[in-house]
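Heads up, the chain below is alone and in the form predicted on its own; it's given as structure tokens.
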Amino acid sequence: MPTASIETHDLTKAFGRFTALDGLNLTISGTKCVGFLGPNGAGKTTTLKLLTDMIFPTRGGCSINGISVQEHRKWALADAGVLIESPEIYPSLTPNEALEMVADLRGVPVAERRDRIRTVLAEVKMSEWADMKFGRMSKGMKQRINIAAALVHDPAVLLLDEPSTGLDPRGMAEVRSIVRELKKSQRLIFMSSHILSEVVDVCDEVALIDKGKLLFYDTLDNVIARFSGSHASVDVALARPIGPDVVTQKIANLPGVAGVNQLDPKRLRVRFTGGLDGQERLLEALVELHIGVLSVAESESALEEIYLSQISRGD
């Protein structure tokens, strides 16, 4: 099977005098989750609509799995699952009925439909509500069924347009958890978002767009190393509380540490030097202190600073 991929070549869309997308050149391949990050109105939804042939480019083109969307729409989209904005399903249908209809439209063989529907309902954690009327569901439950509809034909590429927008905190957490699980199923996930914490939590790579122009595309580690100057920061979660003396006398004095903030008794934000090698040394040193390190993650604040600085450059 060919490697899953998304490519755009000089992809441009103008609405009259307004250019929503300006010469986007982007090549993504492999199985991972890529966050398509940018403020509202940056061109994210326009890009996804061009990738799915919902609108036509003013110039340039795009392909999915090496097949031109503009020239061979049916074949290009055959192995792509799509959730753009928040489509409604007939309120009188149950998830089983709605997914049966989508499976039929997507050409899933009749003999395989029941198993596929059962599988995708399990993937979005909705098996228990398979026979509930759609109209009785919460917005978060509806969104999970929409994701299931995008998965029902088992696509290699999944395009998600701000899937957690408009949901309450619980619904947002559920959708993010689903996307994290989907990453394990050997798919290429391209997910637009304007929520920094979502990208840090879920994505492996990030592409930042503003005013229709791509500003950068790289792994989160490389983005932070590239734009954070001589310092980077990580958030450290601990199994048990530690006192301020441990922070000031031990952690702050570790080699390469430029500063430590204790966010709460069990969470730290550590600034350090040395790039990825420095981060590796820092993790080893923290573990050797036996302070109950549970996880170390890129600090959301680091990406926020980069995001704001790059967006402001275009003002």
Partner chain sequence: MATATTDPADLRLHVPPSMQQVTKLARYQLREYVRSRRFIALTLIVLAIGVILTALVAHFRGTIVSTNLAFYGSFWGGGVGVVIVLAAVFFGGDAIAGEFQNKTGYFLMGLPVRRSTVYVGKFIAAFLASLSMMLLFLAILVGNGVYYFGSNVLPWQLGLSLLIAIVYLSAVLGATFLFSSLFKTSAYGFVLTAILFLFGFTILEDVITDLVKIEPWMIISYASSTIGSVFSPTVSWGLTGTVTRVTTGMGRFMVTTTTYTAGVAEGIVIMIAYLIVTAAAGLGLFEREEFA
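Residue numbers count along the first chain shown, from 1. These figures come from a predicted structure and were not determined experimentally.
The same protein also exists as the form predicted together with its partner chain; that form is not shown, yet it is the one meant from here on.
Taking the partner from elsewhere, Ala78 is found to have a heavy atom lying within 4.5 Å of its partner chain in the predicted complex. In the predicted complex, at least one heavy atom of Gly66 sits within 4.5 Å of a heavy atom of its partner chain.
Although the partner is absent here, Asp115 sits far enough away that none of its heavy atoms falls within 4.5 Å of its partner chain in the predicted complex. Put simply, Glu88 is close to its partner chain in the predicted complex: some heavy atom of it is within 4.5 Å. Contact annotation: its partner chain lies within 4.5 Å of heavy atoms from the stretch 78-86 in the predicted complex, the single such stretch among 204-212, 168-176, 237-245, 78-86. Using a 4.5 Å heavy atom cutoff, none of Val120, Arg144 and Lys184 lies near its partner chain in the predicted complex. The contact with its partner chain in the predicted complex, taken as any heavy atom within 4.5 Å, belongs to Val102 out of Met126, Met137, Val102, Leu220. The partner is absent here; in the predicted complex, the one residue of Met54, Leu276, Ala258, Leu283 having a heavy atom within 4.5 Å of its partner chain is Met54. For the stretch 142-164, the set of residues having any non-hydrogen atom within 4.5 angstroms of its partner chain in the predicted complex comprises Asn146, Ala149, His153, Asp154, Pro155, Ala156, in sequence order.
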